[in-house]
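Read the single chain below, which is given as structure tokens and is the form predicted alone.
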């Protein structure tokens, strides 16, 4: 039986050497940067990378336009903060608890979502996010802190460290979770679950006819995505010492979706590259708050027009054509000439 290339199945092609180089450069970045501001910007970008990788599993690989991910993200942050505040458990346990709390809520959201299609999923999930945000704002019990958010928890417990060393350690913690999430997504996408999700995204009728259960696979997608979104929320809460309703705003959602679109939906490294680009652009535009959103919109418009599939698919296509051209040149050189075949 003729083997089918992994690319034909939609599976990701990972080149370990460039990724290893990128990982080493990311690890030494806080040693190079002398500014605490830029270390903080990079740390926030890493947290968003964890969130966007989780969101990409539902949005990019599953093709479900779920706009409730920021509510799941915030729920994970609130759960981790409450565990840290009231139990004193170590921060890794609190993060995992936040991840499982977000998973549970994500599965509850998934039950009606997987029975809908198109714009109706978007409306339902966006409405869910707004309901969660308004419930937190209206909370008078003090559990969530209402409009001002929840604070006063220990987080990583690094208050006694020198500030520069603390910023670097928090950066490395966030980077470790970016790598863990990337590895997890790589194996998930290469698994039968990932193949089934992409089949449901591209041709639902054919996938269902071949035995792929839409409800089962999409529930798993929501659950896994929710877990990593909850981890990202816990990382945010412990990094900044506060978690508030502002995590679920429309502006925040627009910014994060822009990052994924710029990088390339349905690709492993797209959320990472898109997040890095937009975070850098946004940080550079902080000095022009009046026109910051306008300039971000122009950047998005230019990328959508020039690179509609995102940066990563464009670069992959260019590299594929370059490899094909080089392979054609090599085969032409190795082909014997007419004179060389004469005896």
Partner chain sequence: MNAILQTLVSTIVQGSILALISIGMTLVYGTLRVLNMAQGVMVMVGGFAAYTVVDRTGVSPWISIAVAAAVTFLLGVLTYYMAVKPLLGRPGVDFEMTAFITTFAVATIVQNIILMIYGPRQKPFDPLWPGGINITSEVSITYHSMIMAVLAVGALVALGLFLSRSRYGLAITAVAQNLDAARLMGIPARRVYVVTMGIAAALAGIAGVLLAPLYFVYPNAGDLPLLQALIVVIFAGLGSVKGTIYASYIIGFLSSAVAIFWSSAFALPVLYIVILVVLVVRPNGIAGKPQEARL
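Numbering follows the first chain given and starts at 1. From a predicted model like this one, the values you see are computed outputs, not experimental measurements.
The protein also exists as the form predicted together with its partner chain; that form is not presented, and the subsequent description refers to it.
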Original post:
Which one of these stretches, 142-150, 156-164, 88-96, 116-124, sits within 4.5 Å of its partner chain in the model of the complex when only heavy atoms are counted?
Top reply: 116-124
Original post:
Though only this chain appears here, would residue 31 touch its partner chain in the model of the complex if you measure heavy atom gaps against 4.5 Å?
Top reply: no
**OP:** Report yes if any heavy atom of residue 171 sits within 4.5 Å of a heavy atom of its partner chain in the model of the complex; otherwise report no.
**Re:** no
Original post:
How about residue 131: is it within 4.5 Å of its partner chain in the model of the complex, going by heavy atoms?
Top reply: yes
Original post:
Even though its partner chain is not shown here, does residue 59 get within 4.5 Å of it in the model of the complex, heavy atoms only?
Top reply: yes
Subject >> Triple contact flag 65, 138 and 305 to its partner chain in the model of the complex, non-hydrogen atom at 4.5 angstroms >> reply: yes
Subject >> Among the candidates 285, 300, 314, 41, the residue which, in the model of the complex, approaches its partner chain to within 4.5 Å (heavy atoms) >> reply: 300
**OP:** Any residue of 187-215 with a heavy atom within 4.5 Å of its partner chain in the model of the complex counts; write them all down in order.
**Re:** 208, 214
